[in-house]
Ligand code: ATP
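The form predicted alone is given below as one chain in C-alpha cells.
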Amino acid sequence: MKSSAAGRACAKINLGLRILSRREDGFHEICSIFHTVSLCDEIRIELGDVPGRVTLACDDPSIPAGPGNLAFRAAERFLEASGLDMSVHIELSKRIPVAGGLGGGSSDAACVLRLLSRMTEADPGLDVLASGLGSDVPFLLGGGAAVVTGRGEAVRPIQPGSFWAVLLNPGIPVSTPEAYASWDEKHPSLTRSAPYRDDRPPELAWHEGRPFPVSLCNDFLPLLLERHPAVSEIARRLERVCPAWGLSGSGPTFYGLFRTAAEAEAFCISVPRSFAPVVCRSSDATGASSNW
C-alpha cells in the first residue's frame, strides 16, 4: 500500500448538449458528447493512521475544504465503502475555473477515487460511488470521449478526437442546478416523454472544417445569453472566427476548436485577456498517474 500518490484531474467540454426531458427524480435526461482536454487540476493524497479522518487543503481559498467539496466527499465515501481504517489528506491545486461548466469539481472527485483505489488496492465499487457523487463523475473516472445520456450516468465510450481548443471564461459563475431550474421555468411543458433522439454512432472527425459531424448546439446557450447579455460578445467573436465552437455544460465557458496548435495560439492572442483565454488540446484519458 502506497502512503502518497498524485494525479491530474482533467477538465471536460461538451461537444453539444441537448436537454431531452425531465425525470421523476428531479434530474433531466440529456444527450451530449463529453471530451476531456489537457487543462487539469493537480491532486496529491497522503494516507495516515487516524481512522476515518479526511482533510483537504487547496491553493484557492474560495474552494470549500470540507463536505462542500466533491473531492472531500469522494474520500469519505471511499473509506466508508471500503471499510479501511485510515486517514486521507488531499492537496488540491486548482487550474480549472470553478462553476465554469468544465466539470472541475467532478473531475477532482473522480481523481480522488482512482488514486485511493490504486494506493490501497481496493475497489469498493468506483462506478457506484462515482454515480452517487454527481452526474459527470462516472465519465471522468476514465475520460477520453463518450456519448453521455440519462442524467449523465450512462456513458458509452467512443474514439477520442484530435483537436486543439481555446477556452474562454467571462468569470461569471454559473450554478448547474440553477441553470436547470431556469430551463424548467422557460419550458414548463417539457415532460418525461423525450423528443426525437439522434442515436447515430458519432465520429470525432473533421467534416467540412468541423471536428464533429453532429451539431455542437447547447440548449443552455440561449438561456445564458439572456441572463448575461455581456457574454454575447464571446459568442459573436467565436462565430466570426471559429469554424467550430460551443458552450461547455451550463456555462459560462465557451470553446473554439482548431486543427493545429498554431491556429489555436493565433486566436488566443487576439482575444481580450478579460475572457481568460486558455489553450489546451484534446486528451484521450483523465491523466491520473500513480505518483507525482
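All values reported here derive from a predicted model rather than from experimental measurement. Residue numbers run from 1 along the displayed sequence.
This next part talks about the form predicted in complex with the ligand, which is not shown.
Student: Scan Pro124, Pro97, Gly132, Gly142 and let me know which has any heavy atom within 4.5 Å of the ligand in the predicted bound form.
Tutor: Spelling it out, the residue with a heavy atom inside the cut-off is Pro97.
Student: Using a 4.5 Å cut on heavy atoms, which of Ala165, Ala75, Leu102, Ala146 is close to the ligand in the predicted bound form?
Tutor: Here the answer is residue option Leu102.
Student: With a cut-off of 4.5 Å between heavy atoms, is Leu116 one of the residues that contacts the ligand in the predicted bound form?
Tutor: Result no; Leu116 lies far from the ligand in the predicted bound form.
Student: If we define contact as a non-hydrogen atom of the residue within 4.5 angstroms of the partner, is Thr120 a contact of the ligand in the predicted bound form?
Tutor: Outside the cut-off, so no.
Student: Spell out, yes or no, whether the shortest heavy atom distance between Ser32 and the ligand in the predicted bound form is within 4.5 Å.
Tutor: Output for Ser32 is no: heavy atoms all beyond 4.5 Å of the ligand.
Student: So, Ser82 and the ligand: in the predicted bound form, are they within 4.5 Å at any heavy atom pair?
Tutor: It does not: once the ligand is placed as it appears in the predicted bound form, Ser82 has no heavy atom within 4.5 Å of it.
Student: Determine which one of 62 to 70, 235 to 243, 32 to 40, 222 to 230 lies within 4.5 Å of the ligand in the predicted bound form, judging by heavy atom distances; exactly one does.
Tutor: Comparing against the ligand in the predicted bound form, the contact stretch is 62 to 70.
Student: Pull the contact list for 121 to 143: residues with a heavy atom within 4.5 Å of the ligand in the predicted bound form, in sequence order.
Tutor: If the 4.5 Å heavy-atom criterion is applied to the ligand in the predicted bound form, 121 to 143 yields only Asp136.
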